[in-house]
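Form predicted alone, single chain, as structure tokens, below.
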Amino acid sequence: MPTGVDAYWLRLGTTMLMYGVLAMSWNFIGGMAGYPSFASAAFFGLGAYAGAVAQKYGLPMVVAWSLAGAVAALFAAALGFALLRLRGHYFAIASLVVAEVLREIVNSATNLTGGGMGLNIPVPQMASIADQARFFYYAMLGVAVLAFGAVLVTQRSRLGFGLRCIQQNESAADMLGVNTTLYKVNAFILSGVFVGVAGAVYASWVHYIEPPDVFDVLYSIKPIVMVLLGGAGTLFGPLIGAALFLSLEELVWRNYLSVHTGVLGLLIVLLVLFLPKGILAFRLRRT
């Protein structure tokens, strides 16, 4: 049986890894391509429900997580071809409403998803609660490692080069023969697949989900803030931003519980204003 301190650090570590996955995933479309996507909450909620429903109908947990990633990737591909023809705030607004549409669909599909009553996920049969906590920590670590590997490969590939061209000047990239639509859709798929798997792991971790929880708009806002804090388009910036953001959350939650949302928001605004290119850019300026 873990002590209270051990349980706290395992929970914090799992949350940190989940935030890292969200931030690294958003970095594909937002940091590299420069498209302000607010679809992370849609991918997270879709993955959570896809994995939960799959387990409800008897699929093994890890297989259900893989299925959730595939569902999120297919949804991102279809959504990308539809929305990535838009630019700027038009794309941002369109991507923002996707989570709300999915939430209404989940609320309506009562027989499949439990609707507003939520959905219970089978508890994995393990020796102890401590083993469960460690299992989900390592499961989220595995997703984070896969996401980091995808970022590393993408940055060194033609896809990464194409996305940077799109960020600098999409019209010029298009004129030079870059298939901008295909590159953007690929980035959008990468921004969704790992978030979908993380949502499925989260659902199994907490054993119960409901639409307001997994389709929370904060899952779209937090990754953006994390990437901006760490450094958009960089390799380690999203991870640094995720760690900083979680540290701020914990600090504010402990000391300013009654007004923690407002205080945290103020701190984030100040950090983004004074470090617009992230912590890594600040470090580079000093060296």
Partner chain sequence: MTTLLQLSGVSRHFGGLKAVSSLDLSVDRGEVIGLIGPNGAGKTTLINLITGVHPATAGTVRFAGEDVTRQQPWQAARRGIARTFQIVQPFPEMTVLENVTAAALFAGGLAYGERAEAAALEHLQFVGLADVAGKRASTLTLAMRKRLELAKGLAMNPKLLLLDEVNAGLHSTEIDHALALIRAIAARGVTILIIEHLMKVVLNLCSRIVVLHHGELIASGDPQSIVRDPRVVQAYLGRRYADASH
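All values reported here derive from a predicted model rather than from experimental measurement. Positions refer to the first chain, counted from 1.
Quick note: we don't show the form predicted in complex with its partner chain, though the next part is all about it.
Across the proposed site, 156, 165 and 173 without exception bring a heavy atom within 4.5 Å of its partner chain in the predicted complex. Distance criterion of 4.5 Å from any heavy atom to its partner chain in the predicted complex singles out 179 from the list 120, 179, 128, 108. Put simply, of 161, 81, 148, 135 only one has a heavy atom within 4.5 Å of its partner chain in the predicted complex, and it is 161. Of the stretches 204-212, 100-108, 179-187, 138-146, only 179-187 has residues with a heavy atom within 4.5 Å of its partner chain in the predicted complex.
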